[in-house]
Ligand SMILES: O=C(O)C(=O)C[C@]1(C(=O)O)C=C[C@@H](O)C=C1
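Single chain ahead, by itself, as structure tokens, in the form predicted alone.
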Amino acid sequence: MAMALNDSVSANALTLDSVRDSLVRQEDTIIFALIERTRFPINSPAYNHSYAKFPGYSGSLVQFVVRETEALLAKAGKFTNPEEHPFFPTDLPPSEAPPYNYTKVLHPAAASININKSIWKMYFDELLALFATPGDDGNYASTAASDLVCLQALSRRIHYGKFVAEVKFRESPREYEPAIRSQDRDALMKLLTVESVEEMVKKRVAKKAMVFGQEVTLDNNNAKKGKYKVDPSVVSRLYAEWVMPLTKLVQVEYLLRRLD
């Protein structure tokens, strides 16, 4: 997916429209990731700490896959991109790739904001059971890899709140500065919340889940009409209960430090 930072030729290219375009594209990425995860049932052994034993490692298979994948990608320079946030940041080796000069658009405090622990807990403790069917087909490694794709897509979308907060601050600094100076989280959350926009997002992602997840046939048989690979109401709930609230949490944390 083309990222907004790479599309921008300067910090001034970051606009509310460019941020919204990126958020809309990321909806597609999340929904397709969820659809791919539905290829496998829950496959609970992938999350059982006693299932797989690796030398020098203690944890579940999914933790192993995420840690090892992140370590490899860190060497390739993935986490030098300010849009990327690791789930196991203390285990990362340094990048061995030539550095890329990403456009500096965020306040330096942005680098210290990482809520992936909350995203991990939300995904495995609440979301996964809502769309993955019960069962065990033995494809544990593929299941863990699919979970990683979902986690990365959700993390990128939620942490993109830093860019949302930055562009909103630039457009109306006088509106945000009093709450920032007084460190008023509630006031910032109120400024960031636009219920009409949130309702529109929930409806849009539900409709996308219908379109992307429908069974396509070349005949006029409507037997599968109304059946989707991932329940549109689950996608709407994902955004309503977790994606948008966590994004606003990131925005608040960023804005609280914006004037440091």
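Residue indices: 1-based, along the sequence shown. Being a predicted model, the structure only gives us computed values, none of them experimental.
Beyond what is shown, the protein has a form predicted in complex with the ligand; the following relates to that form.
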Please identify, from 164-172, 115-123, 129-137, 78-86, the stretch that has a heavy atom within 4.5 Å of the ligand in the model of the complex.
164-172
At 4.5 angstroms, heavy atoms only, are Arg20, Met244 and Lys248 all close to the ligand in the model of the complex?
yes
Looking at Ala206, Leu192, Ile31, Leu61 here, can you tell me which has any non-hydrogen atom within 4.5 angstroms of the ligand in the model of the complex?
Leu192
Note: exactly one of Val201, Ala52, Val65, Val230 sits with a heavy atom within 4.5 Å of the ligand in the model of the complex, namely Val201
So in the model of the complex, is the ligand close enough to Val197 to count as touching (4.5 Å, heavy atoms)?
yes
Using a 4.5 angstroms cut-off on non-hydrogen atoms, would Arg156 count as touching the ligand in the model of the complex?
no
